[in-house]
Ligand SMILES: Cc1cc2nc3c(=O)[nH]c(=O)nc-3n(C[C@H](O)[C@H](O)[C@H](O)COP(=O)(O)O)c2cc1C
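Consider the single chain below, provided in structure tokens and representing the form predicted alone.
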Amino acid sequence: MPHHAPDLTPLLSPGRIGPVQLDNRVVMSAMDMNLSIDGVIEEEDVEHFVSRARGGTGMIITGCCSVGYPAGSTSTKEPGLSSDHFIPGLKALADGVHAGGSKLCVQMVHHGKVARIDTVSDRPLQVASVPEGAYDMSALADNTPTELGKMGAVTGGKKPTYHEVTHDDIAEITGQYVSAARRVREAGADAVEIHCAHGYLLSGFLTRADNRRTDRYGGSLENRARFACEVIAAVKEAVGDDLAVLVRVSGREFGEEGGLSTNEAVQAAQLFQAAGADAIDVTGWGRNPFRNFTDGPLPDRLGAFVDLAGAVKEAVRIPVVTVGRVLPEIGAAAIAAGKADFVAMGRQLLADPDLVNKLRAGTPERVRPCINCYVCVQENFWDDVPVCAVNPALGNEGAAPLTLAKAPVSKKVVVVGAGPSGLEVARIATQRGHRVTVVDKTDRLGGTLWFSALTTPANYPLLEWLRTETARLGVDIRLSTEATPALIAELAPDAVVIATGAVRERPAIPGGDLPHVHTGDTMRALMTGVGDTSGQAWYLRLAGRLGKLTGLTKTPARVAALTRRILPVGKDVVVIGGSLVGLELAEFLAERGRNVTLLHDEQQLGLPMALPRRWTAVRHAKEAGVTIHRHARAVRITEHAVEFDEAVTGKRGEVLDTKRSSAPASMVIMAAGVSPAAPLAQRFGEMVPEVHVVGDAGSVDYIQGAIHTAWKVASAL
């Protein structure tokens, strides 16, 4: 069957929210950048949003802006709205966004029970009701001491206290929202968004789990929505049709009893409409950030909240915005199906500010994909500026044009290795005017990125993008070609870039050389039919060969699907090493019916995954049935088992003793012992004026390290 490109035109049609006309249906959802200083919007903040405006985005929604700053704030790096002192920064932002061709919506927030600055300043947190119980913090067992220290430093180690807001407090905070909206209008912005989700103060009133009041602000849904409705009505009365008024609500809360249900969210949206809202922005929220963060607000499921938005849209007359891993094709389909009027993208617009312009040009394949790795949002856990694994310019947008400027001299460059770092070097260097040749000894692009897409499908679009971009730029790529000294001498480059990836060693323990013991490299050879499978069991070699002959191993998605039916792996598998690769591989095999034992010699699993993804990966591995042993060191491999020493720890984690155990194993996968190595750098150093090392060959930092080191080297060539 021919492959039909999705119809993306619904995203590009104009639309209206209240008094504001938008050029298209793509909205940038709020993502906290933590670039403001003491509540004042700074130049870097403006550059960040303006780059998305210039990229064609229909409307920009800022990150959280605090209506009572510093009270009710979660960071001193979020914009404040509580004083005229903040208006010039807001005006600079509005002017910049308008000059970029977009509209600006300022998100107005009182953080309530998560207002960390109140705790730092010894103020009680303002809440609907004093919280009962506590978060399940067990996921923090996989945080490093450094990470825990950075998280604790945000509140200076202080414990929160609470104050149930009174009717006078409600009137005062409502007044803060009104004053904030007036300042937004004075600054020349186009819209405000009143945040009634994600556990913030108005959300805390709306949700039964957080509101046990017995006054007119508690009990029935109408009562619980009263505070938000009063704020909406007061803001609408103050700004009239000078600003559009959006309201953000969770279409569902995940993870705890008493969380907001979709039915309640629909009723609340109707009340918000009656109070004067011009649009409803439907999000989702996991109530325990350490357990449910990847349910919401930043879901790991594509189009996670589209159906929630659809339920709200059926019940209201005003426009509805959907958010939550909305890729262009998902957003266009949601609009076409009548489930939403606008689509909001956050992480995807961090990855590619020019998304809408690329869609308008009819080149959606040129959109750099978000790989859903959570690296960006991890920084918010310790109040730092987000980083993007695939877009090194995030937070430093002013430097991006300089990086891609034409080089003063066009050089001949040979890149050894067609993984992500090699392809990214080739892409940037070619744009800068260099003549690039990429060589790789395997038969396909992607290196470890290709193999990682088996267990992490969100990685594959990045490879497709790199493939598309290097082809568009005419990069000379030679597969099944080894970088020998003779080849380098023949090509006579001015510079060589080594992008050969990490070295994966066999375990240096008795039995480590048995044929059923695999490294990442031999596993890749088996799954793809490419590489050395000598010494492996005959049926494993045959599986790899058949896969190659039938073309089934050309894409990771095909391999992943095929292995749900046929998997050339014994019933009992031991994975040695529980960092990023080992943890995901263990889950992958357990989901395919294998009995998987994971041995990890440290406490923290999943390093260096970003926190929310790590917490979820550990939970998913357990749910898939993986047996996990921490502080466990393999000491011997036999034909049928792996023997290991496991630490016996006390209540504080101190090691009291070790015990010898064994796990059955018809296959052993070595996912530890990964180290950087670039022997070619030395070999070619005497032949070529410049030699650079990028990606895992220089330091094992996976996709983020690959792209960031490639960017740095290619922009300096």
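Everything quoted here is computed from the prediction, not taken from an experiment. Don't overthink the numbering: it's just position in the shown sequence, from 1.
FYI, the form predicted together with the ligand isn't displayed, but the following is about it.
Consider the chain as shown here, without its partner, and state which of G56, G68, G39, G63 has a heavy atom within 4.5 Å of the ligand in the predicted bound form.
Only one listed residue qualifies here, and that residue is G63.
Which residue among H198, K236, R427, R183 has a heavy atom within 4.5 angstroms of the ligand in the predicted bound form?
Selected residue: H198.
Looking at 657 to 665, 674 to 682, 39 to 47, 24 to 32, which stretch has residues with any non-hydrogen atom within 4.5 Å of the ligand in the predicted bound form?
Selected range: 24 to 32.
I'd like to know if V323 sits close to the ligand in the predicted bound form, meaning any non-hydrogen atom pair within 4.5 angstroms.
Taking the distances in the predicted bound form, the answer for V323 is yes, it comes within 4.5 Å of the ligand.
Could you confirm whether Q107 comes within 4.5 Å of the ligand in the predicted bound form, counting heavy atoms only?
So Q107 counts as contacting the ligand.
Flag S82 as yes or no: does it have a non-hydrogen atom within 4.5 angstroms of any non-hydrogen atom of the ligand in the predicted bound form?
No, S82 sits far enough from the ligand in the predicted bound form that none of its heavy atoms falls within 4.5 Å.
May I ask you to check whether P328 falls inside a 4.5 Å heavy atom distance of the ligand in the predicted bound form?
Judged by the heavy-atom cut-off of 4.5 Å, P328 is well away from the ligand in the predicted bound form.
Do any residues of 363 to 401 have a non-hydrogen atom within 4.5 angstroms of the ligand in the predicted bound form? If so, which ones, in sequence order?
Sequence-ordered list: C376, V377, N380, P386.
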